[in-house]
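Shown next as structure tokens: one chain only, the form predicted alone.
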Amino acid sequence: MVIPACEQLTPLGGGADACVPAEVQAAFDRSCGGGSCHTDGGKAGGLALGNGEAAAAIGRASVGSALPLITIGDTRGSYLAQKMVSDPATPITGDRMPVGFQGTNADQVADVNTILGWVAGGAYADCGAGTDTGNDTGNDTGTVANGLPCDVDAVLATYCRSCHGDPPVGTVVSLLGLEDLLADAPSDPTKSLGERSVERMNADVAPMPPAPATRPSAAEIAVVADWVAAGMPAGDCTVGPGPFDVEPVCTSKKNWTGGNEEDPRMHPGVACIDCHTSMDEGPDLLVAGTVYPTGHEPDDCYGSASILVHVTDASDRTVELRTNSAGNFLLEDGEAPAGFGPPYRVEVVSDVGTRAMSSAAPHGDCNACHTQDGDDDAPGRVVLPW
């Protein structure tokens, strides 16, 4: 697992009153509470991780080890964390958690990373956990030097930062600059995040980036691997702000003005399926959304034309869509394979590369979550690879 460095983070206090961030609780609910395992009704191993219960595991003795269940700021000293990693530093009792873990399951991988990031001491807005790590190499404003060689930065930008950016998506890790790559990997403090990143890119099981994202070529991995092997010397590559680090703007300077006139270009940025359903008009859509060049474009602003969008359904069937002149991509029920349904894995493809969602989407109304400001943990719009 690739999770952030925590040697500069302030550990949380323990006990039932400690804060468990909402996204961490959601990960516990999805991956640990199923089948009445670690819930109030189940408490497998005497451990309940339901809402209002998980914090009580901080500092509490574990059943299968001399380690406490959770020590915030120390994954190696937390038995719960050791149960969730592929190479535990401490022997565990029973199977790896969560039950039935599959490294090819992007949702499970995201949940495990979220939980491990919290145990490691990561900062979350709704809890205020941790302190600033001193990493000021992120792409917050203007053009900045991130301390990386440009060829290394290009690989990370193409294949990693759609999740490990600022803000990170589906994880708490940012891979923006030299300090990030030099930091210890909490899952194995004997290795740097740079070393672990190379291992994950080369992995046959649970590779990075996860499916359906395109993996880097052997030559691209070698760029990062050779740099890591050389001791990760500093570079002077400068990078501009990421697509979510800019103010709201209609990049195309063109807006839809046709009201509710039926047209595939209508209302870019608006939740198409919700609108068609509530008004009981228009074609039945299974998947619909808009692709933009930046992350906070307003409703009715035209997006990016002629961009490929690959949508893979629960049965692993893929449909290729292309955005129209307004940036909209649409899949009508009658044009889809029979039974084509969620959860959907979605990737956007351009000449720059591929940008894939970090986890499967529960429905096809993309703009319902990918609003101007982002809802349901989306950082903003569906954006082009960068």
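Numbers for residues come from their place in the sequence shown, where the first is 1. Everything numeric in this text was worked out from a predicted model, so none of it was measured. Just so we're on the same page, rigid core means the largest C-alpha set that superposes within 1.5 Å between forms.
One more form of this protein should be noted, the form predicted in complex with a small molecule, which is absent from this view; the next part is about it.
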Original post:
Is every one of Val85, Glu281 and Pro379 within 4.5 Å of the small molecule in the predicted complex, counting heavy atoms?
Top reply: yes
**OP:** Report the stretch among 146-154, 227-235, 86-94, 245-253 that approaches the small molecule in the predicted complex to within 4.5 Å, counting heavy atoms only.
**Re:** 86-94
Original post:
With the small molecule left out of view, which of Ala183, Met201, Val223, Ala305 would have a heavy atom within 4.5 Å of it in the predicted complex?
Top reply: Met201
Original post:
Among the candidate residues Ser315, Asn260, Gln102, Thr190, which is the single one with a non-hydrogen atom no more than 4.5 Å from the small molecule in the predicted complex?
Top reply: Asn260
**OP:** Decide whether Cys369 counts as a contact residue for the small molecule in the predicted complex under a heavy atom distance cut-off of 4.5 Å.
**Re:** yes
Original post:
Would Pro210 show up as a contact with the small molecule in the predicted complex if we use heavy atoms at 4.5 Å?
Top reply: yes
Subject >> Exercise: His276 in contact with the small molecule in the predicted complex, heavy atom 4.5 Å >> reply: yes
Original post:
Hey, in the predicted complex, is Leu69 touching the small molecule, heavy atoms inside 4.5 Å?
Top reply: no
Original post:
Do you see a C-alpha shift of 2 Å or more at Asp87 between this form and the one not shown, with the core held fixed?
Top reply: yes
Original post:
Superposing on the rigid core, is the CA of Ile115 displaced by 2 Å or more between this form and the one not shown?
Top reply: yes
Subject >> Core-superposed comparison between this form and the one not shown, Arg76 Cα displacement 2 Å or beyond >> reply: yes
**OP:** Based on a C-alpha change of 3 angstroms or more, tell me if Thr251 and Arg161 lie closer or farther in the predicted complex than in the shown form.
**Re:** farther
Original post:
Your call: Thr114 and Thr294 CA atoms, closer or farther in the predicted complex versus the shown structure, by 3 Å or more?
Top reply: farther
